[in-house]
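Take a look at this single chain, the form predicted alone, given in C-alpha cells.
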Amino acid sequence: MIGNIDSLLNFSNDLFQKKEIKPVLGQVAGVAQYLWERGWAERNAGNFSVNITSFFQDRELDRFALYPFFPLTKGYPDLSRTIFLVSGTGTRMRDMAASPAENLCLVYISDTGSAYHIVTGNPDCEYVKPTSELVTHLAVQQQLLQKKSPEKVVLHAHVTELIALTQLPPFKTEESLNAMLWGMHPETLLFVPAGAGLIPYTLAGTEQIATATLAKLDHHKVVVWEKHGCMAVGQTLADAFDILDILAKSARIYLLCKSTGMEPEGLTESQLAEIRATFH
C-alpha cells in the first residue's frame, strides 16, 4: 500500500529536519569531504550506512510501511523495523559533502525483514536508490545487532594506500599485511589492535563478498578487500573513518620509505610488545 503522496512528502521533510538526524548529517558532510579530498571516493565511489532506529518511536516507524517497497533477495529478520541512513547509488562524495540530505536516503526494513522502503530528502526526484553495496551493509548491520555491538556505522571507501599494498605479493596474507602496518606507526597498534581482515579479490556487491566480510568482521573492525578498498565499522561515521585513516597513514609511511629505494626498519618485536603491555 502507498499512502497519500502529499502526506508522504510532508513526512519526508519532517524526517530530515528531525533534531537527532541533523548532527549525523553534519558528520556525513564532514567525512564525505575527507574521503573526497584524500582521493578515496573517486567519481561515485564510497558508501556508508548508519543505524538511526533509536531516533524513532514505534508510531513513526509505522508510517514507513506506506512508502513503495522493494523486495530483498535475502531476508534479514534481525533488521525488522530498523532504519538506516544510506548513501545513494551513483552519488558523489563531493556532492554529499555539500548537500548530504539530497544524496542519501532513509532505508526502512519491513516487519518481515524481506523488503525495504525508501524515503528521500531530495525534492527533485521520487527517490534516491541506496548504494549498490546494500546487501553487504545489511549483512554487516545485522551481525552488529546480533552481537549487541555498540557500532552502528558501516563505511566503505577506496583507500588508495591500502589498495596499493594489496597489489604487492609480500602483503597477500593478513599476517604479513598487519605486521607491516603495526610496524610502521605506534598509533596503528594502539587503535587497531586486532589489525585488518584481508579478503582475496571478490566481486563487489555480491553475496560472496558479504559473506566473506561478515566472517572477517567477527574478529576485526576493518577489512581490506584486495585490489578494491576497505570496509570499517564504528560507533559513529567519524570513528569508522578514523580506522581507515590510521591504517592509511601506516601504509603511506611504508610506501614513502620504499620510494627512497630503502627498506623501512619498522618497530621491533620488543617495541611492539612494550606498546601492547603498556596500553592494552
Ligand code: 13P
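All residue numbers refer to positions in the sequence shown, first residue = 1. Because the structure is predicted, anything quoted here is derived from the model rather than measured.
Separately, the form predicted in complex with the named molecule exists; it is not shown, and the next lines address it.
The single contact residue among 72, 204, 190, 163, judged by any heavy atom lying within 4.5 Å of the named molecule in the model of the complex, is 204. The partner is absent here; in the model of the complex, the one residue of 81, 172, 94, 158 having a heavy atom within 4.5 Å of the named molecule is 158.
Remark: residue 89 counts among the residues lining the named molecule in the model of the complex, judged by a heavy atom distance of 4.5 Å or less. A residue is said to contact a partner when one of its heavy atoms sits within 4.5 Å of a partner heavy atom; residue 46 meets this definition for the named molecule in the model of the complex. Although the partner is absent here, residue 131 is a contact residue: one of its heavy atoms lies within 4.5 angstroms of the named molecule in the model of the complex. Interface residue remark: residue 228 is counted as part of the site for the named molecule in the model of the complex, having a heavy atom within 4.5 Å. Stretch 131 to 139 is the answer when you ask which of 191 to 199, 131 to 139, 99 to 107, 176 to 184 has residues with heavy atoms within 4.5 Å of the named molecule in the model of the complex.
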